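Let's start with one chain on its own, the form predicted alone, as structure tokens.
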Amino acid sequence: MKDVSITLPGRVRPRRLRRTPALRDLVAETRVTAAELIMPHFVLPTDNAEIPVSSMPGIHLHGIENLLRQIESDRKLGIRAVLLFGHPEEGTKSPDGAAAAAANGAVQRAVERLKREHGDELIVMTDVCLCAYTSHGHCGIVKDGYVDNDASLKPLVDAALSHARAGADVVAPSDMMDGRVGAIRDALDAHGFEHVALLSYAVKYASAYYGPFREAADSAPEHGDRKTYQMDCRNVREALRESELDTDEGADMLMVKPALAYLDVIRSVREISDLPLAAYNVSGEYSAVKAAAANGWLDEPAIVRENLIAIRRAGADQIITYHARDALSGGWL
């Protein structure tokens, strides 16, 4: 049988620009840098503590002083934005979650210290929700077994105001109550905090990927689930409606949560909004990578790089991720 050689036309060869690492970097369409990463932290109402989260290797619950040291170290890696989640004082959880607005709460104290020490060099964002502070673990006020939307707005507003008074740059309501963005925006403006930005968890799904976070935040619901207020994973058009509503109510930034299982949603929101769009690479997504890497099933640096690039490629401007420190310190990006 006669050999037949095939000669490709020489003019068009996409592989030319893949030949070396330098060429690939030169023409890369999507990049992830420290400037786009937001590092989440769990804050305890004590000065000194460092408690590992068993389901999230590398992540700890921090006392205030430990948090300050960790963030100082992270700043050297280029991390300039943090998102804080708080724990209440022992014995202060209540049906109305009033401890979320305590002036001397863990988040409020941490914000005040961070802004005093870092000023505008560090962007301090705060999660605004009630779930870690309510005795029942839901994100709002429960009446007759159901989370009452309108009754939940005032305690959420109170929490946001307490964060603003402490010096937060950005407040981020994650509760998914209808109308809470407008209520918080109006209250911030009325109290002289018109400069405080509002990052809305506009698109937050009732996801199974939150399991490790609920250990870290001690925020699992005592009864039922959160499907009456967090979104159904089958819906995309609803995500667009939520994004448009929050934009109309005064959100400065939008968020999609989780990220990896909802890349199509990130893209869909990006296409209808010109607001900055964040995506939350959540605890379950983080822990799954860590577990697989620990068993030698995945190359952790390569997988993290690929995941973060995928989130950016889908349209996210910022990524909230527990991988931020490892990715930057290890040069994975």
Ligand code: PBG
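The first residue of the shown sequence is 1; numbering continues from there. What you see is a predicted model; the values in this text were computed from it and never measured.
The following text describes the form predicted in complex with this ligand, which does not appear among the structures shown.
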query	finding
This ligand in the predicted complex: contacting segment from 128-136, 69-77, 163-171, 103-111, heavy atom within 4.5 Å	128-136
In the predicted complex, the one of Leu44, Leu37, Val282, Leu277 near this ligand [non-hydrogen atom within 4.5 angstroms]	Val282
Answer option from Lys154, His191, Lys115, Arg214, heavy atom within 4.5 Å of this ligand in the predicted complex	Arg214
Touches this ligand in the predicted complex: Arg185 (any heavy atom, 4.5 Å)	no
Touches this ligand in the predicted complex: Ser243 (any heavy atom, 4.5 Å)	no
Close approach of Arg226 to this ligand in the predicted complex, 4.5 Å, heavy atom	yes
Exercise: Lys257 in contact with this ligand in the predicted complex, heavy atom 4.5 Å	yes
Sequence-ordered list of residues in 72-105 near this ligand in the predicted complex, where near means a heavy atom within 4.5 Å	Phe85
